[in-house]
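Just the one chain here, the form predicted on its own, laid out as structure tokens.
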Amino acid sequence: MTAVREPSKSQTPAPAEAKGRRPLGRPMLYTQYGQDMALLNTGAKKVAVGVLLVVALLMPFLLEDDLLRLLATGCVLAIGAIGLNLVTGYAGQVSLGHAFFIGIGAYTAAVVSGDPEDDRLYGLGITFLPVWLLAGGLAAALVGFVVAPLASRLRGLYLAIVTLGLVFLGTHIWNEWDAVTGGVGVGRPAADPVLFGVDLSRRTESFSADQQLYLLMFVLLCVFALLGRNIARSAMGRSFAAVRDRDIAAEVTGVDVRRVKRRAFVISGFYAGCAGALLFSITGYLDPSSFGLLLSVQFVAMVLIGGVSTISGSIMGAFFIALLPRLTRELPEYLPFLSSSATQTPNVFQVETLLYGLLIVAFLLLEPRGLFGLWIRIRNYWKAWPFSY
């Protein structure tokens, strides 16, 4: 009689769980911690991100230049909104001084990229984009590091007032320091987006200037968004959430609250500085009046409208605010009593400012999670459809 040989352990196929794969028929079952913590942990997310990337890369060939410039501006605003969301949404530190850090990044980049032969303005003549971009981000991060020890001792309304004071301090500096800012009503040229000898603000044989700037800003947005998402998923992001939810309990469990707050302000300052450096390279011009309280309110609106404590919400809110002026400019055609001139009242600029406040209040009352919360509701509805639970 022939004996039946049993397969050895090396010949026995390992189950899907042992290999870290999901068992067949159970796509949402995770057998390893790394699967649950993956950046794109479902097939639907991978497909959705892939489709969004393809659509975004096709935009330069489908849209006109003026719309591409708006989308490029939205990409840069999204970078700044992510930075504000990291310090306010994730770390729970209310900041109304984002315009101050935006201005530091913008003027640092302008000085680094400026013409050194100009007797009226400071300039180093380094037009290579990565250099002045990092310089703007690091300068704002350094100021955030200096401000952080003061802010770490405060919370709530007191912290908001301190950061609000930074805006007025910055306004005074920008108005008086003519060698850096060019003076009120005069201004100075912004940093030149030169990459490997190619000035992206000028038309080439293959692409227009707006197409090049849009692609550049979109790539940088992807980099900063990925970095911000990984910060939120890391131990640093979890310490941010612990301080936000209950700082006393976080300190009892061993979290250094002051260090966490300092890191939050430094990272937020770096994001704001980079956003400021890039934002005005699109328009090519800097003016001291651009960094007032309204700019801080706009970034707060981006975070609250898009969704607090979400990277995706920051991007949604930034594009919403970037496209809002384009919509308000069309109102005089349908509302004849509105004027498109700032010298007449009421005008579209007043309506635009009013809408920021109304949208903030509306989202706080009706949908505190913002546009990202609306997306979650829609997604959950279709996941459960046709059932209501």
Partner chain sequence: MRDVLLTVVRGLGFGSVYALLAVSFVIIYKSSKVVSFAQPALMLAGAVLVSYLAGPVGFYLAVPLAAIAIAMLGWGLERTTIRPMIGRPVFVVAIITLGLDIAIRVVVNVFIGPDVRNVGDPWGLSTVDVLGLPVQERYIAMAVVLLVVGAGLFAFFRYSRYGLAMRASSLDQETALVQGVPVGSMTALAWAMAAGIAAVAGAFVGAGGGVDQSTWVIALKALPAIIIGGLDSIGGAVVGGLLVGLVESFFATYQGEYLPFLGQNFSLVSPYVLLLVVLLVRPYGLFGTREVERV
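Every value quoted in this text rests on a predicted model; they were computed, and no experiment measured them. Residue numbers count along the first chain shown, from 1.
Only in words, not in the display: the form predicted together with its partner chain, which the text now covers.
task: Tell me, please, which stretch of 187-195, 156-164, 230-238, 274-282 lies within 4.5 angstroms of its partner chain in the predicted complex when heavy atoms are compared?
output: Comparing against its partner chain in the predicted complex, the contact stretch is 156-164.
- prompt: Any of the heavy atoms of Ala249 lying within 4.5 Å of its partner chain in the predicted complex?
  reply: Yes - in the predicted complex, heavy atoms of Ala249 and its partner chain come within 4.5 Å of each other.
- request: State yes or no: in the predicted complex, is some non-hydrogen atom of Asn85 no more than 4.5 angstroms from a non-hydrogen atom of its partner chain?
  value: No.
- prompt: Would Gly43 count as a contact of its partner chain in the predicted complex, using a 4.5 angstroms cut-off between non-hydrogen atoms?
  reply: The answer is no: Gly43 has no heavy atom within 4.5 Å of its partner chain.
message: Under a 4.5 Å heavy atom criterion, is Leu169 part of the interface with its partner chain in the predicted complex?
response: So Leu169 counts as contacting its partner chain.
- prompt: Which of Gly357, Pro336, Gly34, Gly50 has a heavy atom within 4.5 Å of its partner chain in the predicted complex?
  reply: Of Gly357, Pro336, Gly34, Gly50, the residue with a heavy atom within 4.5 Å of its partner chain in the predicted complex is Gly357.
- prompt: Using a 4.5 Å cut on heavy atoms, which of Ala242, Leu96, Leu133, Val143 is close to its partner chain in the predicted complex?
  reply: Of the candidates Ala242, Leu96, Leu133, Val143, Leu96 is the one lying within 4.5 Å of its partner chain in the predicted complex.
message: If the criterion is a non-hydrogen atom within 4.5 angstroms, does every one of Leu150, Leu365 and Pro368 touch its partner chain in the predicted complex?
response: Judged in the predicted complex, Leu150, Leu365 and Pro368 all sit within 4.5 Å of its partner chain.
field: its partner chain in the predicted complex - contacting residues of 284-312, heavy atom within 4.5 Å
entry: Read in sequence order, the residues that approach its partner chain (within 4.5 Å, in the predicted complex) are Leu293, Val297, Val300, Leu304.
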